[in-house]
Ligand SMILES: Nc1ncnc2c1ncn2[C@@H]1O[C@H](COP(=O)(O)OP(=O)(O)OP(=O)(O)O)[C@@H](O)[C@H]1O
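Given as structure tokens, the chain that follows is alone and in the form predicted alone.
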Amino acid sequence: MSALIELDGITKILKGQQEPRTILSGVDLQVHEGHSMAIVGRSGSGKSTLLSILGLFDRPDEGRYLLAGQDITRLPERKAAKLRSSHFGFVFQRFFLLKHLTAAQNVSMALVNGQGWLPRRDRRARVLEALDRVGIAHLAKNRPARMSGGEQQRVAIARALVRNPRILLADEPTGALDTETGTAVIEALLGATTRGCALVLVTHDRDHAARMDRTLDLVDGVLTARVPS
């Protein structure tokens, strides 16, 4: 099966006033539809930088990025933004919910901003389906202040899923949650893979990483597959 995403020799160098520092060094990676992977490593190891490159927010200094077989390494920002909207969903440690909007309205914002105009009835159906997929359709009318941290994170996941992305990128989505709530959030993320969505999870939590189809270690900018113990 061909890879949805293929990174070949990706290198990223941090250039500033001090000596240049290599953040990513010759990273090779394949991401397949319907599969999940975890990327683990210490703080500063380059995990978030790798996720930013995967999500087209950043560009590598060397290497090649293929998306569905198309070389998009040097894609102009306007076209990159269009691909982000059509192919990717993003979940972060912070929820980034608008406090004055309900759960349904927060999720609906992703459709307004990313997929042009949809009839109101179709938009509402898509939003409620996304909330239902993460188990909180009953909270559609609640504002963030009336929800727990785990519930707010699931709203954020629903917001990422409502556009039916091909790739879901999650950066430490359970970092601010307790163990039980974090496990529920991981369940919601894994649920996306049953519909063919690829999941890339950056995490410090080894237990959550172990639930993915495969786990990769990022150490000093070098990405390697973990050998099962």
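Keep in mind it's a predicted model, so treat the numbers as computed, not measured. Residues carry their position along the shown sequence, with the first being 1.
Keep in mind that the form predicted together with the ligand is not shown, yet the notes after this line are about it.
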{"property": "Every residue of Thr102, Leu131 and Arg143 near the ligand in the model of the complex, heavy atom within 4.5 Å", "result": "no"}
{"property": "Residue among Leu216, Met212, Ile23, Ile10 with a heavy atom within 4.5 Å of the ligand in the model of the complex", "result": "Ile23"}
{"property": "Position in contact with the ligand when the complex is considered in the model of the complex, options His204, Arg166, His32, Arg64, heavy atoms within 4.5 Å", "result": "His204"}
{"property": "4.5 Å heavy atom contact, Arg42 to the ligand in the model of the complex", "result": "yes"}
{"property": "Partner proximity in the model of the complex: Thr183 to the ligand, non-hydrogen atom cutoff 4.5 Å", "result": "no"}
{"property": "Heavy atom of Pro60 within 4.5 Å of the ligand in the model of the complex", "result": "no"}
{"property": "Proximity of Thr49 to the ligand in the model of the complex, heavy atoms at 4.5 Å", "result": "yes"}
